[in-house]
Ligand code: T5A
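Just one chain is shown here, as structure tokens, and it is the form predicted alone.
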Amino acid sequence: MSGQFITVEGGEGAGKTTQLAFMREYLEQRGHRVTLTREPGGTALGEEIRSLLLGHRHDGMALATETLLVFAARAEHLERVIRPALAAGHWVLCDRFTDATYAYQGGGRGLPLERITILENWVQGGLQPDLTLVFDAPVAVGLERAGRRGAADRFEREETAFFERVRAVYLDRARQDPDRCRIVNADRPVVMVRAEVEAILAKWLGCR
């Protein structure tokens, strides 16, 4: 079987990290070679860009700058990691991808979505995830969870209304693309979320 591209999305505190570890184990147990990566980041250059985007050295960064940095990291990520791994038959499991840009820079920041689409088409050249799991929880729940992790990054310091807009775009995109996206109710105990993730993967793998 050829490589598949699976992305995991969701707002702050949605529990993506915990479920990604399970997803990797689940796929590897079924004989798939898995490349686990993240955005922004995934490469040496991408991780440097991540530190610029999430750190506080450049608070007040222009929205155009922020968005272009996101896509600069993504271009490097695609060139150095994602495309080569898929070509080698690996299953790429990525913590956030372009849906996050629509949600955070588009929904949260208010960047016109058509501008993101232009950059998406240029950088990705038509490449899209084969499957996307959107972990969804009420904003208040997610922020309370995120607050336990320690110091807030540049995005986590945004107002609640910002994250409500992020969540709305995530859900809207998932509903508009049901063939690719699955919404996972993340406002439950970890074991219950994991059971739903397993069911989604089992059904999806049965169709490959």
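Just so it is clear, the model here is predicted, and its values are computed rather than measured. Residues carry their position along the shown sequence, with the first being 1.
Beyond what is shown, the protein has a form predicted together with the ligand; the following relates to that form.
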Identify whether the ligand in the predicted bound form is within 4.5 Å of every residue in the set 70, 96 and 186, based on non-hydrogen atoms. yes
Heavy atom within 4.5 Å of the ligand in the predicted bound form: which of 54, 44, 161, 61 fits that? Just give me the one. 54
Does residue 77 reach the ligand in the predicted bound form if we count a contact as any heavy atom within 4.5 Å? no
Evaluate residue 199 for contact with the ligand in the predicted bound form, applying a 4.5 angstroms cut-off between non-hydrogen atoms, and reply yes or no. no
Heavy atoms within 4.5 Å of the ligand in the predicted bound form: does residue 91 have any? no
Would you please decide whether residue 195 lies within 4.5 angstroms of the ligand in the predicted bound form, comparing each non-hydrogen atom pair? no
Contacts with the ligand in the predicted bound form, stretch 13-36 (heavy atom within 4.5 Å): 13, 14, 15, 16, 17, 18
